[in-house]
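The chain below stands alone, shown as C-alpha cells; this is the form predicted on its own.
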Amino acid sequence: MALPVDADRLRADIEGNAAFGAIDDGDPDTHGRTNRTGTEANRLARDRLVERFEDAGLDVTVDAVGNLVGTWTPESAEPDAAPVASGSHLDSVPEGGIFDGPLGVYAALESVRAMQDAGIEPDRPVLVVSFTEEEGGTFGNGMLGSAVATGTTDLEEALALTNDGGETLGDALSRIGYDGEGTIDPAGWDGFYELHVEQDTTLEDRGADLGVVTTITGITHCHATVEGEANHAGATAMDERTDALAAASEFVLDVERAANDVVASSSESAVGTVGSLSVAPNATNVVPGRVEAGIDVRDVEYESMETIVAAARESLARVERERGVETTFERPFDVLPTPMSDRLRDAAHAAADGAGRTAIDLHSGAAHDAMRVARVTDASLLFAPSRDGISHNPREWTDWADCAAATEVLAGAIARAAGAE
C-alpha cells in the first residue's frame, strides 16, 4: 500500500506553525522558534492546529491539561472501535528548531488527509494528537501532557505546576483558552505512532529514509551538592582550603569516566553527563564554598544506568573522605528504558517497503511522548533524518523531501494498523 502525501501541504503547515514565536537572527540558514506552553505564540499555534483539524473534517477535543485531539471517524470505521493515534507536540525549547514536535503533529494530520484523498477505508477511527508541554522547562520536567494522560502524573498536581513567573499551568491554559475537560485515555487506543526528527546522524550517515525505533532510552536525573568552606582566595593557604568546586571537579570527571567504562565494557549506547553547575558564592576572589550539580544518565539498558549512578555515589563518598567536604545525592527523576511495539514496528517496515523507502532499526537517546504512551498501549517511534544531527537549535533542519518521505511511511503504517489493508 502506497499513500502519496501532499509534500507542499505538509511544508506549508510546518512553516505556518514556525511563524509562532519565530526567531529572526538575520541568518538565512537558521529557522528558530521559541514556543513555550501558555504563551501567546503557543495559543496561536494551537488555534492554527484546531483550524487545520476542522478543515480536514476532524472532531476536535481539548482535555483538562490542554492535550489537543482531532478525531477522524470515516463511514468505514466502527465508531466504538479502539482508535489508532498519532502525533507529537507543538511546544519548543527556548530558541529551538521548527521540526522538533510539529513534524510529528502535522505528519499525523497529513497522513489522515492522504488516506482521505486516496479513498482509504480504515476499520478504526484515527486520532491526531498534540500533547502539552513535552519539552519541559516551563512547567515540570517534560512529557507532561502524556504523563497525565497515562496516569503517571496526577492532573491536579500538573495543573498546580508553576512557570518562572509563578503562574500555574491551570491558569496559563485558562488564559489562552485551552483548559478543557477530563483527560484523554491512551489506554483505550489500539496503538500510537510518533514521528520525530532523529536529533542524531545515524539515518543521514546510512542514507536511510526512516528510522524505526526499537527502544527509547531510560533517563535518570540526579542532583548532587558539595559543601566546603568559602574563604578568602588570597589569605587562605592552599593546604587550609576546603574547596567545593575542586572536589566537584573530580566528581564531574568520575561521572564521565564511569560512563566511558560502561560503553567500553557493556553498552555502547550509555551516556552520563554533568550538565549543570551552580557555584557559590561564585566570586573570583573567594574559595568556592558550595556547588550544586545536575547529572543526566541515559541508556537502553537500565543496568548500565544503575552502574553509572552507583559510580556517582561512590565518587561523592570518596571526595568526602579525601577532601573533607560534605555531600548529598538525590535522584528525583527516573524513567525506565521503553521498548516499542513489535506489531507497530512491523507495520512501519511494511509501509516503508510498500512506499519504496529505506527503513532501519535504531534506538532513541532522547525521551519522547511515545515512551509514556507505551506504558498503557502499543506505541511506535519513527525518525526522519536530521541534518548534522543538530536539534534544540535554530540550525535544526530536515529536508522537505525527507519530511514527506517519512510522512508517507507514517501514513501507510497508520492505515495498516487501522485495518485499511
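Take the two forms, find the largest set of C-alpha atoms that superpose within 1.5 Å, and that set is the rigid core. Owing to the predicted nature of the structure, the values given are computational and were not obtained by experimental measurement. Heads up: residue numbers just count along the shown sequence, starting at 1.
The same protein also exists as the form predicted together with a further copy of the same chain; that form is not shown, yet it is the one meant from here on.
Determine which one of 78-86, 107-115, 167-175, 284-292 lies within 4.5 Å of a further copy of the same chain in the predicted complex, judging by heavy atom distances; exactly one does. After filtering at 4.5 Å, what remains is 284-292.
Of 155, 245, 336, 311, which residue is found within 4.5 angstroms of a further copy of the same chain in the predicted complex when only non-hydrogen atoms are counted? Of the listed residues, the single hit is 245.
Just to confirm, with a 4.5 Å cut-off on non-hydrogen atoms, which of 303, 185, 240, 322 contacts a further copy of the same chain in the predicted complex? Spelling it out, the residue with a heavy atom inside the cut-off is 240.
At 4.5 angstroms, heavy atoms only, are 198, 230 and 393 all close to a further copy of the same chain in the predicted complex? All of them do, each having a heavy atom within 4.5 Å of the partner.
Would residue 278 count as a contact of a further copy of the same chain in the predicted complex, using a 4.5 angstroms cut-off between non-hydrogen atoms? Looking in the predicted complex, residue contacts with a further copy of the same chain include residue 278, since a heavy atom lies within 4.5 Å.
So in the predicted complex, does any heavy atom of residue 298 sit within 4.5 Å of a further copy of the same chain? The answer is yes: residue 298 has a heavy atom within 4.5 Å of a further copy of the same chain.
Taking any heavy atom pair closer than or equal to 4.5 Å as contact, tell me whether residue 135 reaches a further copy of the same chain in the predicted complex. Yes.
Even though a further copy of the same chain is not shown here, does residue 64 get within 4.5 Å of it in the predicted complex, heavy atoms only? Although a further copy of the same chain is absent here, residue 64 would stay clear of it in the predicted complex, with no heavy atoms inside 4.5 Å.
For the stretch 233-259, I need every residue with any heavy atom inside 4.5 Å of a further copy of the same chain in the predicted complex, listed N to C. Counting only heavy atoms within 4.5 Å of a further copy of the same chain in the predicted complex, the contacting residues of 233-259 are 233, 234, 235, 236, 237, 238, 240, 241, 245, 246, 249, 250, 252, 253, 256, 259.
Taking the rigid core as reference, does residue 242 move its C-alpha 2 Å or further between this form and the one not shown? For residue 242, whose C-alpha is compared between this form and the one not shown after core superposition, the shift is 2 Å or more.
Take the rigid core as the frame of reference and indicate whether the C-alpha of residue 287 shifts by 2 Å or more between this form and the one not shown. After core superposition, the displacement of the residue 287 C-alpha between this form and the one not shown reaches the 2 Å mark, so yes.
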